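Taking the form predicted on its own, here's one chain by itself in structure tokens.
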């Protein structure tokens, strides 16, 4: 029994485990302020999970915002170091509209970022850590991978205007083949329909798409996805699939993107990918990949499997010798069990054992 770990809520135990995981792979914790200038987020609202932002005016007149996102703050507050990578993880509160309550909420978010001269190893390491993160929550996890390069190349081949292009990409995200046909009655959309239909084990999906990826850009992107999934398979990441409905904003993301799921929660709890385009938008000439885990989603798993709130309940009355009571309760706590002392039984409190304190000491209270 681990008394410290047993006293934590499910999401707190997850944070504790993930911190150890990331530190073992050489990631350093990044700490930041609770707020940034509003302009940082206003210019990149499409990148945010929620466009709701809590703002206030600082004493010097600047419009500030309680941070709704961590990645933007990390990019802003880290230095560019050519030829190297910065490996950072974070456990930070963000302030945004919760997906479960649709109200503003303080949400604990954890994740990591790898920024700089990111190569194939770094990319595979981050995605492997995403899989390990999900596995630590639920061994039956699923991590869906996509590649924005494949999606972009096949859509670009249709020669659409910007409006129809965006609508087709939205249909891919919804797995809506009929919508693609209606949008493009004058085009051969067989490649897009194959993309929508291709989801499942990586080797099968990638081979099914090869005939549709004849162009250099599409072929190179598919080859990169194949290399990454081969590495993941070699490292025992059994929950990885390929699903091209994972489509992030192409103004920010490029390359591989991914979404993670666990049993019992109908929405994704982990989201990440390569965001080199965001780095360029923020004036950085380097690459980046990372992911975030949305702890508010994990609150849906809060049903506590423990049958008791406290192991031992000690009842005492007004005649109790407080010094002796304190000593007795402390002795129980040092045995590694949870103990609570109070004058009356609370009907809502679940306890395993009831004891009573009297002049003769603590005795069975049942």
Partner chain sequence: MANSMINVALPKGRLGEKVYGMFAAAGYECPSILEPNRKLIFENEATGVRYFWVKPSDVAIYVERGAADIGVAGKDILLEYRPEVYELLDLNVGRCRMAVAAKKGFRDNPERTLRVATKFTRIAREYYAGLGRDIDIIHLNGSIEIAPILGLSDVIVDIVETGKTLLENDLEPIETIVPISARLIANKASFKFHSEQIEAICRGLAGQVKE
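Note that the structure is predicted; figures quoted are calculated from it, not measured. Residue numbers count along the first chain shown, from 1.
Keep in mind that the form predicted in complex with its partner chain is not shown, yet the notes after this line are about it.
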- Query: Which of these residues, 211, 283, 215, 140, gets a heavy atom within 4.5 Å of its partner chain in the model of the complex?
  - Reply: 140
- Heavy atom within 4.5 Å of its partner chain in the model of the complex: which of 188, 119, 174, 238 fits that? Just give me the one. 174
- Contact check for 144, 245 and 262 against its partner chain in the model of the complex, heavy atom at 4.5 Å: yes
- Message: When the contact criterion is heavy atoms within 4.5 Å, does residue 178 count as touching its partner chain in the model of the complex?
- Response: yes
- Message: With the partner left out here, check for me: in the model of the complex, does some heavy atom of residue 199 sit within 4.5 Å of its partner chain?
- Response: yes
- Message: Taking its partner chain as it sits in the model of the complex, is residue 182 near enough to touch it, meaning that at least one heavy atom pair lies within 4.5 angstroms?
- Response: yes
- Query: Hey, in the model of the complex, does residue 82 get a heavy atom within 4.5 angstroms of its partner chain?
  - Reply: no
- Task: Determine which one of 266-274, 223-231, 120-128, 285-293 lies within 4.5 Å of its partner chain in the model of the complex, judging by heavy atom distances; exactly one does.
- Result: 266-274
